[in-house]
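Just one chain follows, in the form predicted alone, and it is written as structure tokens.
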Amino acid sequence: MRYDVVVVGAGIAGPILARNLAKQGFDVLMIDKKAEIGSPKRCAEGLGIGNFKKYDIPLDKRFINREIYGAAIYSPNGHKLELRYNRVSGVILERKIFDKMLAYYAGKAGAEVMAKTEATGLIRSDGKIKGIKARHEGEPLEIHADIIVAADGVESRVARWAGINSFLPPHELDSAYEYEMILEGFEFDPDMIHLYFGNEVAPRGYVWIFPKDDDRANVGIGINGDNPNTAKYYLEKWLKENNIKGSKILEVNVGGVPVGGFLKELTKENVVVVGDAARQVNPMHGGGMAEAMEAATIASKWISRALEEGDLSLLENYTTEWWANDGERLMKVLEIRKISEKLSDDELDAAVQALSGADAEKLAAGDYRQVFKTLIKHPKILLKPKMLKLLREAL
């Protein structure tokens, strides 16, 4: 088997990249080890509405469960900060269908797609990487390609096989645990996502409710991965404290979320790393779909150039461009997250009370600097010297 590009992994980054390159006429194969692309899901399923237009994805009702109009943030003592729009700001997806449809779009664009096909190693000849070894439905096969794309998730083996340093310190990995469940006797606005913070609620993370129906939602939690207690422990504790019965659970999803440790080296020889495999995830909220789409868009541009000009050294421009844009931005977000980890519950309460909906909108847009400037001037924060010191350091 011989292709211009072989993409390993059909999550978010892989199909976007495969589609982009296939549209340009390149011979592309995308493989995924799962028997059914998209299943199981490892996601709360929320995505900002602007990403559909930006990355040329149809707003298809088959994978959109619900439209969302904003978010509500709850402090440890129950103070609420609400950001509500009069227009749709995001959607709750059906990720199993969404991922499969992204693979469908790649196939319609001309890429070949093979499920239940697991990469098992790299093909090397004369000291160079020539393709990948794989197993399709139990049968071995060799796939030769000019360029290999590692889109195989946070535990990427392809990147490691290529000699890219993909070591992730335990502290830079969050542990996530989620139920899709029926919520009875617990009131929540189904037009909003709901985020609950607190060191006793979710250390370094938060509990989320992403509504799917008026009484059905993804209810999950993310905490620091090196916590002595499990994410399940904290989620069950929160459910019990809020009198939510766990007897109507429709699905359980568990996974690790990279929240730092972005790869410095995104290419090596003819191997390109994208998405969770490159740790391209927002370290504040743990979302990675939009970041994966952006990385795939940048990578596909430079893969195209490298193939057209027959110069694999052009792939290095992907690393340069990503770091100059998303990389630098996410590094700043990481610094903010490290500061937020040091705040007590009392300080988190004060922050939520001090902020307005307009401030929340700035937070959603990633404008943390302006929000910190607002907090520093607020009377509630002026009485908290440790918090003031942390905020000033962040500026």
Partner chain sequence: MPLPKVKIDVIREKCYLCGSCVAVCPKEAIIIENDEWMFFQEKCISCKFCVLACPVGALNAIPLEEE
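Positions refer to the first chain, counted from 1. Source: prediction; values computed, not measured.
This protein has a second form, the form predicted in complex with the partner chain, left out of what is shown; the following refers to that one.
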Inset, instruction - Spell out, yes or no, whether the shortest heavy atom distance between G288 and the partner chain in the model of the complex is within 4.5 Å. - result: no
Inset, instruction - Although the partner chain is absent from this view, report whether L168 comes within 4.5 Å of it in the model of the complex, heavy atoms only. - result: yes
Inset, instruction - With heavy atoms only and a cut-off of 4.5 Å, decide whether T297 touches the partner chain in the model of the complex. - result: no
Inset, instruction - State yes or no: in the model of the complex, is some non-hydrogen atom of H79 no more than 4.5 angstroms from a non-hydrogen atom of the partner chain? - result: no
Legend entry - the partner chain in the model of the complex: contacting segment from 267 to 275, 314 to 322, 67 to 75, 252 to 260, heavy atom within 4.5 Å: 252 to 260
Legend entry - Position in contact with the partner chain when the complex is considered in the model of the complex, options K301, K96, R157, R204, heavy atoms within 4.5 Å: R157
Legend entry - Of E118, E142, D213, E236, the one that lies within 4.5 Å of the partner chain in the model of the complex (heavy atoms): E118
Legend entry - Interface residues of 27 to 48 toward the partner chain, as seen in the model of the complex [heavy atoms, 4.5 Å]: R42
